[in-house]
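We begin with a single chain expressed as structure tokens, specifically the form predicted alone.
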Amino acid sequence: MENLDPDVPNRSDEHLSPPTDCSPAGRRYAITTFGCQMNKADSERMAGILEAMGYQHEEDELAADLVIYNTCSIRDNAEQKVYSYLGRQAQRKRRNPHLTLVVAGCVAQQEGESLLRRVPELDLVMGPQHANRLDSLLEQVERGQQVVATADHHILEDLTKPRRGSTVTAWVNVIYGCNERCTYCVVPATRGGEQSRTPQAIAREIGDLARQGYKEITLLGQNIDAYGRDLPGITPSGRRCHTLTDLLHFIHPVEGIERIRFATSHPRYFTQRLITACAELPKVCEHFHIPFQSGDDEVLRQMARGYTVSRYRRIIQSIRQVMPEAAISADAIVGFPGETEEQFQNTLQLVEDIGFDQLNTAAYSPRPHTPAATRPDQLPETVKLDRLRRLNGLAERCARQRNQRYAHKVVEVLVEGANPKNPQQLMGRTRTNRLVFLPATAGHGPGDLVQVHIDVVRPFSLSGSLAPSA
């Protein structure tokens, strides 16, 4: 791992800002989140900390007194978008020195103190490992300091309740960081090494969520299959709990939770034992998100992914043998350095053969401090975008075909809320994570499990009517 900037509680004079009135009372905050589910969960925790401090939530970031950009650096376009947002806020800060401006997340970790040189109006630059320290870091800002917190840091357990974005479904972090060394990925440098939470802490959080009325939880990790490798592995009852499979068995009895999901899986560590547990535990949903990244063995080797295409195919075959109706989603990258048209065709063939329910795609983007970024055989953007277009077309066709299996069937839907585009509709998800729209009638609301007859099938969503009661 690269050397990361240490916490800097008191920079040299050229970096110091004059003291500002940062007292939370009556002040409003706005958080804009870029990137993955982990970032969304981090933002919820930071929002919980701010509200415990006395800040009030503000939807309009241009009206907020404290603005946080929780950033993603996995793609260059997401990173550049952050800088365009920062430009607007820097202008505000020059007019209003009482504005507090924070960059959190992976861009903050990646760029560190250089962000202060690029945007000197910033008050706080904070990596993902420091999200739970937001209150103490803002106290330093209140004293007139410009703070950079990017040192490798043991992640503190949640000390405040997150401000959840839903009253029905909730993220639950189970492992932070990543020990993999994929040659294209900046995550290990920005999120640090793997740190598993104890099963007891996870179960307590899930129990609290159940008592608050939450019905579904998603266990989160950059590489969730690595859960528990760094733990002693014994619970107070004497049970071993040092794998994701063990954790699923451990939390499954929590009363009130109806559904359990997990993401993101790594093919290198995905086991038959995990598949068996998912089939046997009624609350675990029939949905697996397992990125493959490329359908060509040589490209996978150059990516340092640690598995072959045949290994990936066997995993999917095993899932479908045990759970035929399970939904499979994945991530794929096109245009990795040196990728030939023949190798890209292998990716298309894999997608065609498996028939994913959903595929998240991206054109390769060189990231700082990654081996792939220094390769001389980078592909032209025109080639990458053409391949992305072709892959997206195939992915949409596969999704439409997979969704046909729901046509005229009755499915269980967990209602999450109103359709923001149509107040006459509710929206929710099947156990296989299909988005479903249904009429807002019969007194149903968020948190209800309802039976829906699917009338309309689209590539990425379904619509239906309430099924008659049995």
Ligand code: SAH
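Just count from 1 along the sequence shown to find any residue number. Being a predicted model, the structure only gives us computed values, none of them experimental.
There is another form of the same protein, the form predicted in complex with S-adenosyl-L-homocysteine (SAH); it is not shown, and what comes next is about it.
Novice: Counting non-hydrogen atoms within 4.5 angstroms of S-adenosyl-L-homocysteine (SAH) in the predicted bound form, say which of Arg259, Arg163, Arg197, Arg75 makes the cut.
Specialist: After the contact test, the surviving option is Arg75.
Novice: State the residue from Tyr364, Phe288, Tyr227, Tyr312 whose non-hydrogen atoms include one within 4.5 Å of S-adenosyl-L-homocysteine (SAH) in the predicted bound form.
Specialist: It is Tyr364 that has a heavy atom within 4.5 Å of the partner.
Novice: Can you pick the stretch from 86 to 94, 199 to 207, 180 to 188, 274 to 282 whose heavy atoms fall within 4.5 Å of S-adenosyl-L-homocysteine (SAH) in the predicted bound form?
Specialist: Of the options, only 180 to 188 has residues within 4.5 Å of the partner.
Novice: Looking in the predicted bound form, any heavy atom of Ala108 within 4.5 Å of S-adenosyl-L-homocysteine (SAH)?
Specialist: Flag for Ala108 set to no.
Novice: At the 4.5 Å heavy atom threshold, is Ser329 in contact with S-adenosyl-L-homocysteine (SAH) in the predicted bound form?
Specialist: Residue-level check for Ser329: no, no contact with S-adenosyl-L-homocysteine (SAH).
Novice: Does Thr264 reach S-adenosyl-L-homocysteine (SAH) in the predicted bound form if we count a contact as any heavy atom within 4.5 Å?
Specialist: Yes, contact at 4.5 Å.
Novice: Given that the partner is absent here, does Val148 sit within 4.5 Å of S-adenosyl-L-homocysteine (SAH) in the predicted bound form, heavy atoms only?
Specialist: Heavy-atom contact with S-adenosyl-L-homocysteine (SAH) at 4.5 Å: absent for Val148.
Novice: Scan 304 to 327 and write down, in order along the chain, each residue with a heavy atom lying within 4.5 Å of S-adenosyl-L-homocysteine (SAH) in the predicted bound form.
Specialist: Going through 304 to 327 in order - heavy atoms within 4.5 Å of S-adenosyl-L-homocysteine (SAH) in the predicted bound form - there is one hit, Arg305.
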